[in-house]
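Below you'll find only one chain, the form predicted on its own, shown as structure tokens.
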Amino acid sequence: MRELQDTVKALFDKGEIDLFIGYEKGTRTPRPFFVHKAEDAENLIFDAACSGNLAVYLTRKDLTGGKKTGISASYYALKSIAQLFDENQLKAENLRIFGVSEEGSVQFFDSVAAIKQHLSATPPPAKPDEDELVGKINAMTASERWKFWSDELSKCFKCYACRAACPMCYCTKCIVEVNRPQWIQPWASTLSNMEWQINRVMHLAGRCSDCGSCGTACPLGIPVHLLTHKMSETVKEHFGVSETKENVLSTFKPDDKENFIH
């Protein structure tokens, strides 16, 4: 913690950043904190409870536009940042990226290659509760899974908090705002809610960091993050990990396997 605070102070003192995105203590859980001057770095924290994906703020031009920005990035935020670089959404010269371990040690990443090397050598944080629920869903029959997701998604009232929490949902106009043609019904109902989530998950195919922020953001506790998690597993199983910047839904090869279609 102290190392992070001192590092950020030094960056401000040297004029290397105008903004630092991190966490501060919240009422119940840590919350995002935007540091604009060196002395405010004293409020920065980082521990296992800091689970939100701060990379979501890096594409907010109203927040970071024209500013030299630093960020304390968890494992999943680093995954999102690497993907955002691959999609040409970030500029390295305006960004200072720091990985922070749960013990508080700070690591500076000076390139996307360094981030990817770190990720390849670092196992993802354990998620025992989610793994248990995924196991239960996988053990269901197709009709049982349909009922499970129908029951869950029938609660949704389309607040789009899941979209707002996702670093990869940076489109200036989402499909849900398109009304000519009307791709997604704007009102909340089980089938239209499913349409929205299917579109969201397909959009994130091969791009999702599996951070779970979409599920955490849901005010009704719907585990929508498990949909993107399962999609990530399916993509990896059938297509592997891409060594290029191509995305699953933007690439077609005549010899692509189709055994994922059931």
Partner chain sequence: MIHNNCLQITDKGLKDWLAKIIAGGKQLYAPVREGDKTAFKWLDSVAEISMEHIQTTQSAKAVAFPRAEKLFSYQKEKGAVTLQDYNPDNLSETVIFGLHPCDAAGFRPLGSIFNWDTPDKPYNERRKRMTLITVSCTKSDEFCFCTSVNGGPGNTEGSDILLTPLKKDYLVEIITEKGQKLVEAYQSCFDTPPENSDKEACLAKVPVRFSPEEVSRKLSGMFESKVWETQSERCLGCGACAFVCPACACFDIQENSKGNSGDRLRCWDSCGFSLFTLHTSGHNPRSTQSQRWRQRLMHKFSYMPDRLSVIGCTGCGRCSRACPVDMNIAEHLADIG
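Just so it is clear, the structure is predicted and the values come from calculations on it, not from any experiment. Positions refer to the first chain, counted from 1.
Unshown form predicted in complex with the partner chain; subsequent notes refer to it.
Comparing 137 to 145, 154 to 162, 105 to 113, 88 to 96 against the partner chain in the predicted bound form, the single stretch with non-hydrogen atoms within 4.5 angstroms of it is 154 to 162. In the predicted bound form, every residue of the candidate spot (Val56, Glu177 and Gln185) has a heavy atom lying within 4.5 Å of the partner chain. Among residues of the shown chain, Pro32 is one whose heavy atoms approach the partner chain to within 4.5 Å in the predicted bound form.
Not displayed here, the partner chain is approached by Ser189 to within 4.5 Å at the level of heavy atoms in the predicted bound form. Proximity of Leu220 to the partner chain in the predicted bound form falls within the 4.5 Å heavy atom cutoff. Contact annotation: Gly26 falls within 4.5 Å of the partner chain in the predicted bound form, judged by heavy atom distances.
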